[in-house]
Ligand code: ATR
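This document opens with one chain alone, in structure tokens, the form predicted alone.
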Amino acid sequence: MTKPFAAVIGWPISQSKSPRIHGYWLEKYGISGDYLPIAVKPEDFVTEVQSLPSKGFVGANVTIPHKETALANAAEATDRALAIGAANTLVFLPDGGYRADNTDGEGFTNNLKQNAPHWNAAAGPALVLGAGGASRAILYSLLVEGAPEILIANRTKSRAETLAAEFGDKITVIDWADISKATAKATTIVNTTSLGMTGQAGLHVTLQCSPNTLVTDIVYTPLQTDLLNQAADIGCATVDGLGMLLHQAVPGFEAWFGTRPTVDETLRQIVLA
């Protein structure tokens, strides 16, 4: 049997941490396989993906700007990929084409479960900042985990209103100016924006939550954002964003290479290096 290949496809792709993640697992579990970064222009995506199985590829991750195109051209798609409206994980099918999945939401919740074991989405309302692609996956996963209500705020309010219309009546849109006040009500607070990231504008929120609130940020450069530092000062449980990246990779690796990998501290340090 020839060794299986998987890939991460994006444009550009040099920034991707995925080859480090999967390379570590291939070595750790002694698997004869490889995981390669492939830069593909948007107009070449469909043709390139169709060519991969004949070259020994069993599947691929897809990243910006291909996630919506990947879903639109799938032979099969999971319910969660359809609900989120984008795919990040492809598994090539024996009869041609691929099954599209979206593992971002699973990565988000499994990161929280690993690093804040007492977290319970059903304990009270969640507050989600941002209405981009990551926000879609996180809204979906919070609803699956039983969040009774989700407050969402976005600098362009109409984008949040679009998500609320799509995801149902448990989603309540609030004004961006009201987010500090809303933190008092939330038991889970999630920043899905790039605000607070190195090189980006700051996220100006004054937390008014209790120490029982969990605060997480999908930003992982820096690992401890101003939001997380402020939450820690209050005594809240905090979870950084790196684990979401690591955990979202688990289902794809299992599907392609037949072993379910674990996210450990060694992997964190390799990706941070």
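The first residue of the shown sequence is 1; numbering continues from there. Since the model is a prediction, treat every value here as computed from it, not as a measurement.
Note that the form predicted together with the ligand isn't included here; everything after this is about it.
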Subject >> Of T187, T193, N73, N110, the one that lies within 4.5 Å of the ligand in the model of the complex (heavy atoms) >> reply: T193
Original post:
Which of I84, A100, A131, I150 has a heavy atom within 4.5 Å of the ligand in the model of the complex?
Top reply: A131
**OP:** Considering the ligand in the model of the complex, find the one stretch among 166-174, 132-140, 118-126, 89-97 with heavy atoms no farther than 4.5 Å from it.
**Re:** 132-140
**OP:** Evaluate R155 for contact with the ligand in the model of the complex, applying a 4.5 angstroms cut-off between non-hydrogen atoms, and reply yes or no.
**Re:** yes
Subject >> is_contact(R159, the ligand) in the model of the complex, heavy atom dist at most 4.5 Å >> reply: yes
Subject >> Those residues of 31-65 which, in the model of the complex, come within 4.5 Å of the ligand by heavy atom >> reply: none
